[in-house]
Every structure is written in C-alpha cells, then in structure tokens.
Ligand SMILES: Nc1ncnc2c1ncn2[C@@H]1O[C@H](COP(=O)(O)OP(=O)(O)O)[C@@H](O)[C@H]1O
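Below you'll find only one chain, the form predicted alone, shown as structure tokens.
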Amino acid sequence: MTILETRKLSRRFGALNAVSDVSLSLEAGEVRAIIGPNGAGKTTLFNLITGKLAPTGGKVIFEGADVTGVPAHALVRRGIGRSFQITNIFPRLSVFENILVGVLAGRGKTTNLFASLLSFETEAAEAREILDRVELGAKAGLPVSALSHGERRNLELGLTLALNPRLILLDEPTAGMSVEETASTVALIRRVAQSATVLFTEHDMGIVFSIADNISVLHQGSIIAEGTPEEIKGNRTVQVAYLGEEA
C-alpha cells in the first residue's frame, strides 16, 4: 500500500527553484533515503512534506488523502512524525517526564498535565516502554541537560514515537555523532522501521547503503535517479553528480 506520494511538488524562493517537480512514492513499511549534495533541496522537501512550508506547486498525498498545505501540528495528528528537529523538549523535566508529556499529548490529555504527571499510570508505562526502545531506560530519571548529543537525538526520536506515527522523517539522524553513537542510532532506526515507514536524509553513504530499501537522489531541486542501493551505486549520473568518480 502506498503511504506517501508527492506529485510534482515544487517550492520557489524568488528566482530559486529549491524543489522542482519532485514526485515520490513510498510504500508502507519502506525505508527510503533521500541523498544529494548540500543545497540539493533535501530539507526544503522535508519541510514541504511535514507542513512547515507551503508548496509553490504540486501535491502531498498521505494515505490516499490530499494533505497539501496542512499545518505541521495537524499532520502529526494524522500520523506523520519528524524527528531530530523537534523543539518541544522540556529541559527542566526529566528524560522520563519528557516522553510522558509526549504520550499524553498524543492522547489529547494535556490539561493540567504538569500538576500530576505520575497520576497517568497507563501512559507512564507506555513512556517507560518507549524509553527502553530508544535505549534511554537507564537515564529516565536524569535531566535532559545530562544527556549526550546522541542521547538527545534518541530522546527526540522517542518523543516522535510517543505520538504513534506511521511515517517518520529523519533529517540527518547521525549528524555530529561519535562512531559509537552512530552505530547505536543505525541499529535504532532499523528497529523503528519494523513498525513504521521511514524517510530519511543522510550524508554517510555507508549508512544509507546499509539500511535503505530504496534511494532517491536529489540534485539542484530535482530527482535525478531512484533505485535500490546497488542500482544507485552503479548509476553513472549519480556518480558524477554526487557520489564522485571513485564510487
């Protein structure tokens, strides 16, 4: 079943075509990578899909419904989550409390939630389960400020999972991570992909080729190639435009 389509999706900034007639189709359960050089339009494309930007032209279709121009908060309710750029982390709350707030928000139980967070037993159990999934169970009682960069990324992903998304967009999920943190995040993405469709951008081609089912290559705002990792590795156009002659 097709979960996401973009149909000739475009966004102009003055004379600049940041995204130009991009048409994508993702199947439910697929792990799709969007790759391309800096300035190719990857983040703008993500912003269009997640409602942070309105398109100049084209459509976004999610689970068969036209969601073009639907604001980001409404798309979250519909089942689209975007991780690693979430701004609603509460630095004065514990790691556990952050996830619990996310679970409560996902269930529409945000009224007076700060007054009695621990009174929500069912939601608290779900929050602990999510923390275990993102490998932060042992850090539940710590403040967010005590987390490493990689652990904060995991917390952001946990907040996204708390909203039960069926489609997750990850923008450069391993950026700035150590080797150990990167390996842990790659394993985490693989686990998340078992229960959700994943669309991600990443500069590390080793990571892309190891976890993506299919790859779309964006260059100067347009898709220049699509295929499996092996097909993309052998694509001469991609080699010249992005991967380099040594690919």
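In case it trips you up, residue 1 is the first one in the sequence shown, and so on. The model shown is predicted, which means the values in this text are computed figures rather than measured ones.
The following text describes the form predicted in complex with the named molecule, which does not appear among the structures shown.
Every member of the trio Phe13, Ala18 and Ala40 reaches the named molecule in the predicted bound form with some non-hydrogen atom inside 4.5 Å. When you look in the predicted bound form, the only residue of Ser216, Thr44, Thr185, Thr197 with a non-hydrogen atom within 4.5 Å of the named molecule is Thr44. Of the stretches 60-68, 208-216, 30-38, 174-182, only 30-38 has residues with a heavy atom within 4.5 Å of the named molecule in the predicted bound form.
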